[in-house]
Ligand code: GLU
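Here we start with a single chain on its own, the form predicted on its own, put down as structure tokens.
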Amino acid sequence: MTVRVRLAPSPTGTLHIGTARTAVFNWLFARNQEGKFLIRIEDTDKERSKPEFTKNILQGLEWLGIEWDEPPYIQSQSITAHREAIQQLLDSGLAYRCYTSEQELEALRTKQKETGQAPKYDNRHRALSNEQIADFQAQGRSSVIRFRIENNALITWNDLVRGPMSWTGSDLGGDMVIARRALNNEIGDPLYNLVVVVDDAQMDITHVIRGEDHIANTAKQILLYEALGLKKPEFAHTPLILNSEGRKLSKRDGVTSINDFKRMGYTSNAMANYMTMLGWSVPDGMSEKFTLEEASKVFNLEKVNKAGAKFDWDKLNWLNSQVIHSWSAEKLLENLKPLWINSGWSLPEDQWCKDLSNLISSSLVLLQDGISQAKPFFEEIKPNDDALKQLSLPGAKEALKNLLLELEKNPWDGIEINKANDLITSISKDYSIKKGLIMKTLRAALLREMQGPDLLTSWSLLARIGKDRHRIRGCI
């Protein structure tokens, strides 16, 4: 048997981190089992599904390094098969038309709430006579189609993450709607639980790996597989991604879209790496920093946790910094250059840019940090409070004046950094100024802050584009 798994996103929004994590787990399992990873675009929500969201989802997966093995399946193209399955259930008596109005359903829910009952359809239209059906249709009532779920039905499966699972029909909320409202004997738009079963069977899906919030759906879908005479896949329900308070990560937490993480400056390697760890235990002896390809060699569902996975920003930031710090100068510049250009900066020649990226690389956690770290080299910024305090110290401005005098006598082009160190040492000796005072004040003048990259290399870069003396002069 060839393992076939799928990701089935709805193109009603951008790629969510939960969907992306599901994609990662499915892809890793498929690669580990030498199987196939497929994508099905579930676009049957006609009002909310948009082509731009489909594009965003596919591009997001590509950015993460997740490739699919067959062209994406489009759910709406299988509408005929969905309707045929519903008709099969109607013909066999396993489904029926329900004419209960929305007002009647709301009254039922209100009564159940008042009496402390769980919301559940009471199956009131299971056995309508032909006369009752004709009367409802004469009233102009539309009907949904419901699948029969017997209260005493026992649904079991061996979940590949959670072990033996058992549900009874009475836990599933009454007979399930499988098609939306339609008039007369038409079949309305097929609904999620029905179409998923038909699609997975058509795609020969062998394993369904998805979030634990689908467990109740799995119980319903198993009944549909059996009713339609279709082979059931194996199921695995992965833990939800939780926020710091232990609740399901949602839009209220601010960042949930892969686009958001990308804009913030997270790398695709770090995101894929971290999502693999969200609910999967790294084997003993394996580093927490790895590629998807490396993880695929050891990935198995037995190591997927049952408990929810808390999102840890510190861990993600550490992984991202490790990825950035491992890059070559060329790759780092390739990623920073577009950010600098988008900031409206005119860039000097490539070697200068490469030297700047090398200078700031060790302090980068996010790629976006490359903007704030590089800003003093491109823009005239105001000294911060610490820099102003340094510039106001006794002897600080005298140190800068003496330094500027020496530079005007012997201009430095920034090429040989040793000359800068020699110059500072000489001024310290000749003018009896402490070297530390000179260097700290020079940092305040050149970079306008007291923390940052190596001073002499920074001075060298500014000198090479003729900005150093201007900066020093502006602080005297």
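Being a predicted model, the structure only gives us computed values, none of them experimental. Numbers for residues come from their place in the sequence shown, where the first is 1.
The discussion below concerns the form predicted in complex with glutamic acid, not included here.
Although the partner is absent from the chain shown here, Ser10, Val196 and Arg210 each have a heavy atom within 4.5 Å of glutamic acid in the model of the complex. Remark: Tyr192 counts among the residues lining glutamic acid in the model of the complex, judged by a heavy atom distance of 4.5 Å or less. In the model of the complex, glutamic acid sits within 4.5 Å of a heavy atom belonging to His214.
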